[in-house]
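First, one chain by itself: the form predicted alone, in structure tokens.
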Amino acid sequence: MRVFRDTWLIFERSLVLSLRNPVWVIMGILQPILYLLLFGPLLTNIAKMPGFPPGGAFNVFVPGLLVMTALFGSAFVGFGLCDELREGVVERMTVTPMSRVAMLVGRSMRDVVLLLAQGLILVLLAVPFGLEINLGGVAVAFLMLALIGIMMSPVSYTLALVLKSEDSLAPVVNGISLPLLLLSGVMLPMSLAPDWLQTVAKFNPLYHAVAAIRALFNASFGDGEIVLGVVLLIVLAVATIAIGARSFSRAAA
């Protein structure tokens, strides 16, 4: 029971701090909107090419943007923790009986709430462009986005606890995020890529997440990528939470 109480307290505190300084939230939604407005229309003709997935340009493009929003919305959250480390906030928390798991999960829950809000705004803005949605499919897709946030946020927090500096954290996060992004097919589907690149991409869990979310938006519920994507994200989320919680425990030592 104490873990749940501590988790809620950390979540509430983190959310209030984010809403008081909403620059990250605004910038997090601005970038995918610019892609939607300036890059999305270019896909209309590309959608007619052989090998382009079914569903139309925006039903292929918007799921990729959602994954990109979830990735970047959670991969850079460690910057805020670096500031808290510098101000001694984390040190003061670690001398209390507060659960170390709660210190991680509460922050990650805040990150998930924000990225889901950003994703909802993006979907609503994409509908006038021609995005067709299935409500059941979108609901499961947003669950997968939450899992991406739960998977990536602990990685970012763990790196922040180890590196303790934004200057060191930035290149490491970019070095992890950029290959994941490029090999996931968020901008252009990997079905248009050479065979060797498609083979490499299949080792990227976000590749399967993008494929699953595209299938969900097109109501292709029999697509095997959906089950594979969900299972991969759950396993990785559990693993990263365990690693992150251990890092907070070591910070308290």
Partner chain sequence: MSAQPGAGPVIETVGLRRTFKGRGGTVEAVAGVDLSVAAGDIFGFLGPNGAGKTTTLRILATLLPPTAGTACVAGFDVAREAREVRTRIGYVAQSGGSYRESTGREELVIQGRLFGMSKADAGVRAVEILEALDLAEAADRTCATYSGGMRRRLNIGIGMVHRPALLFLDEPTTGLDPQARARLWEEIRKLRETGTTVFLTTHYLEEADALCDRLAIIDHSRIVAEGSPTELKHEISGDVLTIGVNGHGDEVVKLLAAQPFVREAGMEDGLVRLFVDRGEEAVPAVLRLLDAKGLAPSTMNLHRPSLDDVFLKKTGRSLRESAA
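Small disclaimer: the values here were computed from a predicted structure and weren't measured. Residue numbers count along the first chain shown, from 1.
There is another form of this protein, the form predicted in complex with the partner chain, and it is not shown here; the text below is about that form.
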item	value
One residue of L135, L124, V95, L178 in contact with the partner chain, assessed in the predicted bound form (non-hydrogen atom, 4.5 angstroms)	V95
Contact label in the predicted bound form: A242 to the partner chain, heavy atom within 4.5 Å	no
Non-hydrogen atom contact V238 with the partner chain in the predicted bound form at 4.5 angstroms	no
Close approach of R5 to the partner chain in the predicted bound form, 4.5 Å, heavy atom	yes
Any non-hydrogen atom of P128 within 4.5 angstroms of the partner chain in the predicted bound form	no
Segment that reaches the partner chain in the predicted bound form - one of 85-93, 69-77, 114-122, 141-149, heavy atoms within 4.5 Å	85-93
Sequence-ordered list of residues in 13-37 near the partner chain in the predicted bound form, where near means a heavy atom within 4.5 Å	R13, V16, L17, R20, N21
